[in-house]
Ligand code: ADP
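What follows is one chain in structure tokens, specifically the form predicted alone.
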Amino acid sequence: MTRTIFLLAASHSYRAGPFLAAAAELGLAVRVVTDVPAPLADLWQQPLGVDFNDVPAATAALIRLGQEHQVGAILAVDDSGSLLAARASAALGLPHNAPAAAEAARDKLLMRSLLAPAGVPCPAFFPFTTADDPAAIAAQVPYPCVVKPTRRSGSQGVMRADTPAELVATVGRLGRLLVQVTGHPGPHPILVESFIPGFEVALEGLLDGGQLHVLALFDKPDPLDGPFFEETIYVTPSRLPAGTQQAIAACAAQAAAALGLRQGPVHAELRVNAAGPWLVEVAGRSIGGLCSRILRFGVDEAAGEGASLEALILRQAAGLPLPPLNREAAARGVMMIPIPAGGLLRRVAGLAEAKALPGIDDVEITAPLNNLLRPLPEGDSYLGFIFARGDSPGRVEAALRQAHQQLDFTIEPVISLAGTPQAT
């Protein structure tokens, strides 16, 4: 009997769709378990909805649902469900990462506390809370430094400070953001880290019994030096020397082992400079947003497209044989379209022109019209995604930049009665 695979997904996640499409191609039974806040469970009428924030209650509910639906695997498609998936899988005797490893992969302070003793190159770090005196924090940390929340994703709340005065302002700004996004006054844990100079890369991999199989290494050609850290372009294959790529893979594998991650997808962010790679963070999930569209594996160039990243993850979870893990020969890239200003998105122009450019596969605007936009560091989303393919990483990068130049976004500021912009 084919057993059901549960996908745990936040209600706003882009990631469930690609998994469902891959499951249909593979003939796998998949059900999406959605994060539904407890007060809204009855209103939303979602039979497979649980409150991810209430981990004990959600785990019990997921165990019951798993028994009812003959579940064979539980996968979290984003960070919000990773701990829940690990705990429920352990209780049901399903393949899983240890709950402690899942927790470490989504909590930046816990992650740093495990990476540093294991010898993984990572920034010096200093834990504080929003109840601490910002001036006292400013007197204890090195400069330049990076201030970040311990639990947010997508660079939300991550800010650089070069002076004590900037640090005081940054800590205050982060505190206000955390009150807003969590709905309670705190105190909230925060992290201050030494800033690591260099350039950033991202690694996509698949763990099997603790062994890391590198699926793709992405160059990030835009500098990520602050004051905020909004990601834009990812291009693969990497243009870095083979030795540097090997060192990056070894650092990511060492980090996964330090956290105790052993099974399933892994996404790592690293900075690289003359001293080698430095681990920024590693997550026990696949790449976010719609970025996985640019990845195909086991490709027969004459016969077809090959397997998607989601198909690989589902095959592993279902105990099915994996295709060859080689990525297609063509270079691919994606641009996460940044939000240039806060306000209401009223109009998008140039879409047809951008899609018509050589090398562009597609442009998808994911922000709805008349939607309130918030740029980083307060925001946590993008305007959309541009996808490109070519015979070299350089041409892919150029195509992405040219397509972005064709797009024009009309964003109307939101003005309060006092006359001050509110969506900034």
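Please read all numbers here as calculations on a predicted model, not as lab measurements. In this text, residue numbers run from 1 along the sequence as written.
The protein also exists as the form predicted in complex with the ligand; that form is not presented, and the subsequent description refers to it.
Trainee: Which listed residue (260, 134, 298, 154) meets the criterion of a heavy atom within 4.5 Å of the ligand in the predicted complex?
Mentor: Spelling it out, the residue with a heavy atom inside the cut-off is 154.
Trainee: Select from the listed residues 332, 96, 327, 108 the one whose heavy atoms reach within 4.5 Å of the ligand in the predicted complex.
Mentor: By the 4.5 Å heavy-atom cutoff, the listed residue in contact is 108.
Trainee: Given a 4.5 Å cut-off on heavy atoms, tell me which of 280 to 288, 81 to 89, 319 to 327, 134 to 142 is the interface stretch with the ligand in the predicted complex.
Mentor: Going through the listed ranges, the match is 280 to 288.
Trainee: Looking in the predicted complex, is the ligand within 4.5 Å of a heavy atom from each of 123, 148 and 229?
Mentor: Heavy-atom distance to the ligand in the predicted complex: all three under 4.5 Å.
Trainee: May I ask you to check whether residue 128 falls inside a 4.5 Å heavy atom distance of the ligand in the predicted complex?
Mentor: Result no; residue 128 lies far from the ligand in the predicted complex.
Trainee: If you check in the predicted complex, is residue 71 within 4.5 Å of the ligand, heavy atoms only?
Mentor: Looking in the predicted complex, residue contacts with the ligand do not include residue 71, since no heavy atom lies within 4.5 Å.
Trainee: How about residue 269: is it within 4.5 Å of the ligand in the predicted complex, going by heavy atoms?
Mentor: Within the cut-off, so yes.
Trainee: Does at least one non-hydrogen atom of residue 188 fall within 4.5 angstroms of the ligand in the predicted complex?
Mentor: The answer is no: residue 188 has no heavy atom within 4.5 Å of the ligand.
Trainee: So which residues in 178 to 209, when you check the ligand in the predicted complex, have a heavy atom no farther than 4.5 Å from it?
Mentor: Contacts from 178 to 209: 193, 194, 195, 196, 200.
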